[in-house]
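Included below are structure tokens for two forms of one protein chain, each presented in isolation as structure 1 and structure 2.
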Structure 1
Amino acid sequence: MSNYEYAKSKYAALGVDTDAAIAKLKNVGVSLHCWQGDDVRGFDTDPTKPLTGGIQTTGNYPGRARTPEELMADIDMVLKLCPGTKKMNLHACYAIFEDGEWADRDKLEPKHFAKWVKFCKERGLGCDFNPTFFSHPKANGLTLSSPDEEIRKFWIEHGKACIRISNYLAEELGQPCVMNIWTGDGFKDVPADRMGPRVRYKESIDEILSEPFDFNKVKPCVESKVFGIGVEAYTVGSAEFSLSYAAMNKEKCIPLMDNGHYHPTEVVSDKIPALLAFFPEIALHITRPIRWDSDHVVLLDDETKELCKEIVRCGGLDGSVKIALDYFDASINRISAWTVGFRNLQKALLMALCTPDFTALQDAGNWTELMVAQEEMKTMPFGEVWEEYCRVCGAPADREWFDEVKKYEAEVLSKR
């Protein structure tokens, strides 16, 4: 009996079909964020200038992608090393201009993402999208909530352009495009007016979403945040604001939760079933916060596992939960960062699919047996199931893929 056959029999004794779990996960799309590869720099502004809008990338590990071609080559490496179905996730600042052309963010067009469409088509990928409301001369403070009408109009037009680009991505690639609206708007210290910026923010999002689109193809989201660097005292797009906006606009907007965007004692895993009780669709950005939303590489830690358990338990793998990764670590090899995070999310999802349904024990009040059953799941032979999943997907197993990263670093990254 092979190691996998042994593990399969152990899970079967608990009523779990590991072959079915593997087959299901193999077709679950997860968005891979392009910005891990170049430290959120993009291609539309001066790459030597610091990030703004409450975002910070730390570290200067060699090998950062500097061009679209380098970034695409690095992404190809990650696609090769990770099992499962992937989508791309782009920010608007990754527009690709040719022949000396350049367009400001309010003038971006679908053609500026044609090379990304070609890249995705050749690899069978869908693509999600994000307006970029940071790292721009007109983003030194408030954007969609600015009292300056000219500034606010610029960013509204940017949002509308991104609706059109998202529609283009959806139509060209044949998959819905999740378009996430997040800004770093807020104040470093105690504001005199908390209401005004939020009213302007609401009106700006209303204007963006007045741009015609098919909600079956384009899935606009609003994402909240508790605070960021330079906006420690007040964030315009708070959790209450963003959730309320989505609730009042269900016909054209869904809520997006980033598990680094809440108070340290809050967990998004508990919020998933709460939102799915009211929303037919929600979106997630999965990261790992340390102290604050520091966007560390996703580990196979308790909250990642709990997030994935709730996605599976709530039926989220049917498409009602849109799953994306969001982190950027410049202190380590970026290919490895991407790969570790993606593989850990896949492990957590597969682990959840291999967990029996213990609802009957809970409903019967058998708390002792429930605790025993949940604890004993922690020593089940999951590693063998994961290795089988990698084999089925044609991806390297653990302890194998990192040699390829080291070879790529020596031959490619070190020469940049």
Structure 2
Amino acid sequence: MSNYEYAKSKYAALGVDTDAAIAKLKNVGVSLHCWQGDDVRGFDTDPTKPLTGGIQTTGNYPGRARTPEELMADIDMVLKLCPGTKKMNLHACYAIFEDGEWADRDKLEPKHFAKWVKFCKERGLGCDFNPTFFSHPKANGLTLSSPDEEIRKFWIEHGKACIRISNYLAEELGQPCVMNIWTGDGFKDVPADRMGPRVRYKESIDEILSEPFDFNKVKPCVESKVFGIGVEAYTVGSAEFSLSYAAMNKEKCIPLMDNGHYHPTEVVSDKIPALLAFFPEIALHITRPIRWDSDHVVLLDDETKELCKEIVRCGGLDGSVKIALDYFDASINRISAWTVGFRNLQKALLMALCTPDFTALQDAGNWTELMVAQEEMKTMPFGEVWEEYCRVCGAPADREWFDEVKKYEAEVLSKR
């Protein structure tokens, strides 16, 4: 009996079909964020200028991708090292200009993403998209909530351009494009007017979403955040603001929760069924918050497992939960950061799929046995199932992929 056969029989005794779990997860699309590879720089602004607009990367590990070619080569490594179905996730600042051409954010067109479409088509990937409301001369203060009409209009035009680009991505790649609106709009210290920016933000999103689109193809989201670097006192797109916006505009917009964007003891795992009781679709950014940072590499920690348990338990793998990664670490090998996070999310999803449904124990009020059963799941031979999943997906197992990263670092990254 192989190790996997043994593990399979242990799970089967609990009523879990590990082959079915593997087959199910294999086809679940997870968005891979392009921005881990270059510290959220993109290609449309001066790379020597610091990031602005409520996010920041720290660290200067060598090997940052500086061009579309370098970023695509790095993404190819990650695609190879990770099991499962991937979808690309791009930001508008990753527009690729040709022949010395350049377009400002309000003038971006689908053609500026033609090379990404080619990249995705060649690899059979769908693509999600994000307008970039940061790291730009017009993003030094408020953007969509700005009291300066010229600035606010500029960013509305950017949002509309991004709807058109998202539509292009969806049509070209034959998969819906999740388009996430996040701004770092907010204030470092106690504001005089909390209402004005929120009313303007609401009107701006209304204007962006007035751009015609098919909600079956383009899936606009609004992402909330409780704080950002330099905007510690007040964010315009707070949890209540964003959730209310999505609730009032269900026919054209879905809520996005980033689990790094809440108070430290709040957990997004619990919010998944809360939102799914009202929304047919929700979107997630999976990340790891530590103290004041919201964007550390995803680990196989308790909350990642609980998030995945809720996604699975709530039927989210059938498309109602749009799953994306969102983190960036510039202090370690970036390919490794990407791979560790993606593989951990896959592990947590597979673990959830290999967990029996204990609802009957809960409904019978059998709390003693529920605790025993849930605790005993923690020492099941999951590693064997994970290894089988990697094998079925044609991806390297644990302890096999990191050598490839080291080789790539020596041969490619260290020469940049």
Ligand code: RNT
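All of these numbers come straight from a predicted model, not from anything done at the bench. Between two forms, the rigid core is defined as the largest C-alpha subset superposing within 1.5 Å. Residues that one form lacks are left out of the comparison. When a residue number appears, read it as a position in the sequence of structure 1, where counting begins at 1.
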{"item": "Either 1 or 2, the form predicted in complex with the named molecule", "value": "2"}
{"item": "Core-superposed comparison between the two structures, runs of at least 3 residues with CA shifts of 2 Å or more", "value": "292-294"}
